[in-house]
Structures are given as C-alpha cells and as structure tokens.
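The chain that follows stands alone, in the form predicted on its own, written as structure tokens.
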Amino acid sequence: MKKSFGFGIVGCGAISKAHIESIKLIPEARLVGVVDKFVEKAKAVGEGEGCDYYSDYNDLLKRPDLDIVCVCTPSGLHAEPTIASAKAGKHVIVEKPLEITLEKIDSMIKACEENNVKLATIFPNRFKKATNYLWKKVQDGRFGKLIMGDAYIKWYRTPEYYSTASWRGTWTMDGGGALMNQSIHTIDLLQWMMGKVSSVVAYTDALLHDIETEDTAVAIVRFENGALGVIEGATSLYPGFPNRLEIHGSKGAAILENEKFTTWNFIDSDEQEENEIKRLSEAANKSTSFSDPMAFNFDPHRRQIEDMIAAIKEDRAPFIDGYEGRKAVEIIASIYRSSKEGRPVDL
C-alpha cells in the first residue's frame, strides 16, 4: 500500500493555488512538479514551492514518482492533459467544469476507464458540512415529495476580470459565461439534491460585460421526479450577492445561502435538528466569492483531494467522478441550446 502520493499541477493560474495549498496540508501528499505553457509562471510557482517545473506536461508525465495530476488549465483545455495523463497511467483531478462539451467529457471518461485510472471533478461545495447535511435530509425523505428546487447565483465580476484573462467569457476556452464558470457549482448542488433534470427553457444574454458569452441567464427546469425549479445565474449584478439554494417539499423547506441556512421550516418541528441547523450556520465560512473570485475557503478542495487518495487506496470511484461531473455541464449546455433555439430542450 502506497504511503505517499506524488502530485503534479498542470496550469499555474489562480485556481492552482487551491490545489497547491491543499496538497501541502495532506500528510500523504507531496507536490513533485508544476506545468504551465508560460515557463516563467511555472518557474515562479515551482521555485516558490520547492518542486520541479515544466512548460510541457508530457515531461511531467514521465516522472515515476507522479501518481495524481491536477488539471487547472482554462476550461476548454482540460481534455488533452487529462487524456495524456490517463495514457501515462496517472490518476486525474480536473477543475470544474470537467470540460466544456459533452463530447470532450465522454472522451476523458473513456480514456480513464480504458487505462484503469480514476477521474475526479472538482465540486468542493459537495464537501461542505451544511450541503452534506441538507443532502442527507433530502435522501432520508425529510422534505416529503419534492415540489420545487431553485438555484440563484447573482454574482458580480468587474470588467477587468474578463479583460485580464482573454479566455474568460469565450465559447472556445470558457465554454460559456456566468453559468459555465461561476453558477456551475450551485447548479451541481441543485441536481444533486433534486435529481436528474428532464427539460429546460431559458434566456441568456450579455447585458453588462463586453463578452461573447452570457453574463445573465434565467432558466426554468423540470426534474424527472416532476418537480419544477428556477436557475438564475449572473456576473452582472453589482455588488454581488451570496449564492442561494432553495429546496421545497410537501413537508417543509430549506434555504441555504453559501454555507448558512436562512430558512429551515417544517410542518413537524424537530428540536435536535433545529439545533444542528443553528450550529452549522454559526460555523459557516463567510465567503465573499460572489464579488471576489478567490475569496473562498480551500478546505473543501483539501477534502476532495483526500477523497481521491482514499479512492485509490480503496479501489473505488471518487465521490465526484467523471459521470457526476458530466451532469451539470449537460444542464448548462441544454440551457444554452434552449436560449439559442428559443424553445424547450429535453435532456
């Protein structure tokens, strides 16, 4: 049984910091190398972390002490390093979205399965205590019949957010705008709680920023279980507001803002349950990522990386594998299609 796992980072942009800092906190993990096509960026990170650096990920993949690759490149550049890593026999953790098209995602899943390596998608919100508690209550039938599930991601990004990174807000590299880049986290939670989406009808537009994709979107969704819901996603709404997830059922309702419950109301009250809700809300991290892209807690990233290590040791699928990562992308792609074609779209 391996006692230590070597990690490599492909892509040294802003999000790579969450992976690097998480790896440093895990006793079983060590960072062996980083890659960026801009070698000066890779050098700065590598020298700062005391590890090797490269401008070509193929050089990193040759290392026998490399076990797990974290892909942190722009969204539309996830498939190539993932497939190459799989063929080199390395397990892969990919930042959200897994990729920007279902075709690319399917090729990544296939490559990992054919080469017997594990594939995980970064959705750290599933590893937060409040969202886990809510999910378990939904699974236990606490809400009764599910009637409505809503996701509201009314965020703000400055014009500089887009102008300083040319890949953001583009179809070829970002795969979309406010939905694919920002809202995907809460959309993933929505479908995780409510179940599979069966159809969507939507409007999307760029109402504030000079980008080719959307900064404002509204969709109505129908779930396979018959429930209805709304998705609102934006980076155009100053000053930015906490993301909100609402679950409504025949027995009660819960509203979660970031990691804090603002509503927990059921027909039959439970004092022990209400005390736990209060405790979770008081312990909630005060994230301001709705207005600052990097203002979030890295701890859920650490938990997800630890889950990948556990999945390798136990020879099981990661908690959020490729198939799970695919689901939110399918919903968002269907929203884009509905908006473009002006009609409902079945998934």
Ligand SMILES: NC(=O)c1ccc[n+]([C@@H]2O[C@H](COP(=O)([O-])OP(=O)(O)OC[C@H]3O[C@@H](n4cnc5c(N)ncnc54)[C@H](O)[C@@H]3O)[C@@H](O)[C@H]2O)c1
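Owing to the predicted nature of the structure, the values given are computational and were not obtained by experimental measurement. Note that residue numbering begins at 1 and tracks the sequence as displayed.
Just so you know, the form predicted together with the named molecule exists too; it's not on screen, but the next bit is about it.
Contact with the named molecule in the predicted bound form holds for all three of C12, I15 and A165, each having a heavy atom within 4.5 Å. Within this chain, G169 is remote from the site of the named molecule in the predicted bound form, having no heavy atom within 4.5 Å. Using a 4.5 Å cutoff between non-hydrogen atoms, H248 does not count as a contact of the named molecule in the predicted bound form. Under a 4.5 angstroms non-hydrogen atom cutoff, the named molecule in the predicted bound form lacks R303 among its neighbouring residues. In the predicted bound form, none of the heavy atoms of R279 sits within 4.5 Å of a heavy atom of the named molecule.
Contact with the named molecule in the predicted bound form, defined as any heavy atom within 4.5 Å, is confined among 145-153, 121-129, 197-205, 236-244 to 121-129.
A single residue from the set T186, T213, N181, N258 has any heavy atom within 4.5 angstroms of the named molecule in the predicted bound form; that residue is N181. If you take 231-266 and check each residue for a heavy atom within 4.5 Å of the named molecule in the predicted bound form, you get nothing at all.
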